[in-house]
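Only one chain comes next, encoded as structure tokens, the form predicted alone.
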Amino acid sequence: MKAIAVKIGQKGSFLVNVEPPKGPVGNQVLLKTLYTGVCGTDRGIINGLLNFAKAESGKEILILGHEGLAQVMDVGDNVRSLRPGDLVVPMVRRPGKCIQCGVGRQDNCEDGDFVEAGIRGKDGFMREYFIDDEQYLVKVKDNNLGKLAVLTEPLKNLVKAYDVYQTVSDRYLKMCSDGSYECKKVTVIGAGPIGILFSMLFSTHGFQVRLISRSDKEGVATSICKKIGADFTQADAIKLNPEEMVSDVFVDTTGRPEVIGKGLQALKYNGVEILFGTTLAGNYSITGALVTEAVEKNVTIIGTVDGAKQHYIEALNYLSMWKETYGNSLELMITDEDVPENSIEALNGDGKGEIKRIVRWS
């Protein structure tokens, strides 16, 4: 059985033959992989840049893939919610032993005692077949989504981020005088899949959205922003003055400290900055004046990762709604599609020139 894997501590991914799974028992489900997505986390693991990546206990290689879409082939005797033929999105993070994990909120794990498929301590979904537990599978009810359902995993992170934003901003009357968000400005930095999806999410809730990016690959950001009623600016946010990015909400998907610092200055009173991107590069000096400004403006900085099962469900609902509303616009983000045999060279590259790459398994 084909799989795409890495050896921790060694750069590069490779195609490998692994033992196929046995039949499911109890609460287990046998799954056939249809599509897997490729993201910055995968490339970080492939290039040896993520020190938290690790294989399953007792194994030398880690099978990649945390963005997946699969079809149910067989179920164990105790499975009640799924049957052969159903499409599912498997969850990435699996719980440890803390109280958050114990109530299904391993996305808020308190002690780091969790595993993540295709990332740390658990083989991922870049393989032809795999076994998983029913409770970690989210049923795709809208079969018309097709391969777009592979966007569920990245989108669920954003749905969780929006929930956190709503929670922390409840400290003040954040709505406009008419009860909407139409007077509230959101600036999103970065026109990769995450930046585009963040723009769609906030636009759906009625915010004024401006997406800023150094590049617009294949004109996708411009096209989608026109569809959703958002503005797109092709520019390097580092070179813009904070006064040019004044916002109620500032979303960074790049992880660049210089952008994050300017975003903090660009926030209005009671503003919120959402940090989503990560990088080890760059630096920015936090001055006493900036700290004073943040305090006096009553701003909030959010760091957020992963999401709960409910966020997966809501992400699928958003995808169905957007497909109905905007037609094939979402598919513009999928700029590259490979079969496993042809994907290794691309996976071992830098990912430039693509927005969302997916691997087709069936």
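For clarity, every value in this text was computed on a predicted model and none was experimentally measured. Each residue number is its position in the shown sequence, starting from 1.
A second form of this protein, the form predicted in complex with a small molecule, is not displayed here; the remarks below concern that form.
Q: Since the chain is shown here on its own, which stretch among 218 to 226, 70 to 78, 154 to 162, 255 to 263 would lie within 4.5 Å of the small molecule in the model of the complex, judged by heavy atoms?
A: Correct option: 154 to 162.
Q: Which one of R94, R120, K268, R210 is close to the small molecule in the model of the complex, taking close to mean a heavy atom within 4.5 Å?
A: The option sitting close enough to the partner is R120.
Q: Name the residue from E128, D86, E116, E134 that puts a heavy atom within 4.5 Å of the small molecule in the model of the complex.
A: Residue within 4.5 Å of the partner: E116.
Q: Using heavy atoms and a 4.5 Å cut-off, decide whether D142, K309 and Y318 all contact the small molecule in the model of the complex.
A: Looking in the model of the complex, the three residues D142, K309 and Y318 all stay beyond 4.5 Å of the small molecule (heavy atoms).
Q: V305 versus the small molecule, in the model of the complex: is there a non-hydrogen atom within 4.5 Å?
A: Output for V305 is yes: heavy atoms within 4.5 Å of the small molecule.
Q: Quick one: is C39 in contact with the small molecule in the model of the complex, heavy atoms, 4.5 Å cut-off?
A: Residue-level check for C39: yes, a contact with the small molecule.
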